[in-house]
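This document opens with one chain alone, in structure tokens, the form predicted on its own.
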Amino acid sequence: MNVSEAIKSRISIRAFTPDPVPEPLLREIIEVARFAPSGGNLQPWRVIAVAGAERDAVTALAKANLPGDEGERFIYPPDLWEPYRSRRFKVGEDMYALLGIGRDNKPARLMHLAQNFEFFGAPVGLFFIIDKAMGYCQWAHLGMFMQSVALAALDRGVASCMQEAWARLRTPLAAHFGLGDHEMIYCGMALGYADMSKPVNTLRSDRAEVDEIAVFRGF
């Protein structure tokens, strides 16, 4: 798989098989991802991986602390505007259509949302950590590290789903992991093997055309 194929074929998987991801394989993925770029080579990231009993402890913590509170580092800006509002709405409706959950079935939608906190059945959960004092530039660098993890995993047949939903549990997770006062969890990631028998994993979200997002000058 070349880089272009990996970027285009990576999707958010929301149904995994229970097959374990061996620690040596996960270490190999992170070994590759650590070469992600960062300004000044700060490498402003840490990652905590959980599996087995540790994964179970985190999912139990989530059940005990939901709905939680994402705090001042919110997932989406309030009063989201166009075209971002429509993009978010459409991908959500497309996903629920594949799941057979109508707009009026709010309990079923909430039940699916809650599966975030079970890593959608994935055997491994990752949590990405950044120093609270870091600026927006370093948050972008953390994102490059996360993308590198997802692509390195895909290259090895391992699927992923980046999960900002875990932001609602930053405080109890920080206590659980014994993080320093200066550290915070940005988000989580589910990691495992995709269950392609599930319709939700056929979701391919739309992308804006090149001319909508790019301006070319001097060519």
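In case it trips you up, residue 1 is the first one in the sequence shown, and so on. Just so it is clear, the model here is predicted, and its values are computed rather than measured.
From this point on, the text means the form predicted in complex with a small molecule, which you will not see here.
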(message) What I'd like checked is whether 11, 14 and 164 together line the small molecule in the predicted bound form, meaning each has a non-hydrogen atom within 4.5 Å of it.
(response) yes
(request) Let me know the one among 30, 187, 51, 36 whose heavy atoms come within 4.5 Å of the small molecule in the predicted bound form, would you? (result) 187
(message) Quick check on this chain: which one of 105, 148, 138, 116 has a heavy atom within 4.5 Å of the small molecule in the predicted bound form?
(response) 116
(request) Indicate whether the small molecule has at least one heavy atom within 4.5 Å of a heavy atom of residue 205 in the predicted bound form. (result) yes
(message) With a cut-off of 4.5 Å between heavy atoms, is residue 120 one of the residues that contacts the small molecule in the predicted bound form?
(response) yes
(request) Although the small molecule is absent from this view, report whether residue 91 comes within 4.5 Å of it in the predicted bound form, heavy atoms only. (result) yes
(request) Report the stretch among 155-163, 169-177, 38-46, 64-72 that approaches the small molecule in the predicted bound form to within 4.5 Å, counting heavy atoms only. (result) 155-163
